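This document starts with one chain, in the form predicted alone, laid out as structure tokens.
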Amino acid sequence: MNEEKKVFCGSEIVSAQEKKSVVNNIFSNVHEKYDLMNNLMSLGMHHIWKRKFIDLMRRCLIYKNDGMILDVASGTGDIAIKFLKQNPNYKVVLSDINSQMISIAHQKLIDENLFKNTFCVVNDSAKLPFANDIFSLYTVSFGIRNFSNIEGALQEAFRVLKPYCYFMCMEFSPIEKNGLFSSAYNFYANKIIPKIGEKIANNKDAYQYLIDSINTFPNKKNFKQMIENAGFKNVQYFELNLGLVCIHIGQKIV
């Protein structure tokens, strides 16, 4: 039933199953240049955003000296690696639907000598192969807008988290009209980023999809409501770069 649901895939409306296939193909095509493109597109700002995210991760884990974290849409493993370098007592499960992206993450973990604390798995975010109530923290960074079933993924996040533990999501948010900033962002996003994708990754369409997926993602208030609808309490969000990026946090209280 969920697979027949119509969802946004970039600027188009397609079935959930079709979006899953399109997104998987996009990341298969760009996986080798993914990290480089992140640096170029964000002008290096994604490192600052991720430092803030990891700082908030530590706050969510403040009463837990160890435990297991689930990092969904882990991609090439940036969040997991940055976190484990500073917090080696935790174990992290890296999950992604794309096997080529997660293979890069696995190799980076080996290179950083962090593989003993990690487990990499390829699976659908809406059908997690884990028992109930086992993770101390669930994280997803710049990936949830690519999910074909966001509501199902949020429900799964709630299911696999231990009681009183936290869901954390960092994602781009549609830019509100804000004078010069919104005008500059729209020009850069719509005119420059697809050209960078064409020149560097040889894939203009993939990076046009990226911009379209940001524009069609629910705004921060609507996404907050979606998190609450999945059962989370005390949901709040923190804006970065005038709202271009938002970090949402919700707690499982049962």
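Note that this is a predicted model, so its numbers are computed, not measured. Numbers follow the displayed sequence, beginning with 1.
Below: the form predicted in complex with a small molecule, not depicted.
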property: Residue stretch of 54-62, 211-219, 22-30, 224-232 approaching the small molecule in the predicted bound form, non-hydrogen atom distance within 4.5 Å; result: 22-30
property: Residue contact check: residue 34 to the small molecule in the predicted bound form, 4.5 Å heavy atom; result: yes
property: Exercise: residue 124 in contact with the small molecule in the predicted bound form, heavy atom 4.5 Å; result: yes
property: Any non-hydrogen atom of residue 73 within 4.5 angstroms of the small molecule in the predicted bound form; result: yes
property: Any non-hydrogen atom of residue 38 within 4.5 angstroms of the small molecule in the predicted bound form; result: yes
property: Contact assignment for the small molecule in the predicted bound form, among 84, 97, 160, 165, heavy atom within 4.5 Å; result: 97
property: Of 118, 136, 173, 141, the one that lies within 4.5 Å of the small molecule in the predicted bound form (heavy atoms); result: 141
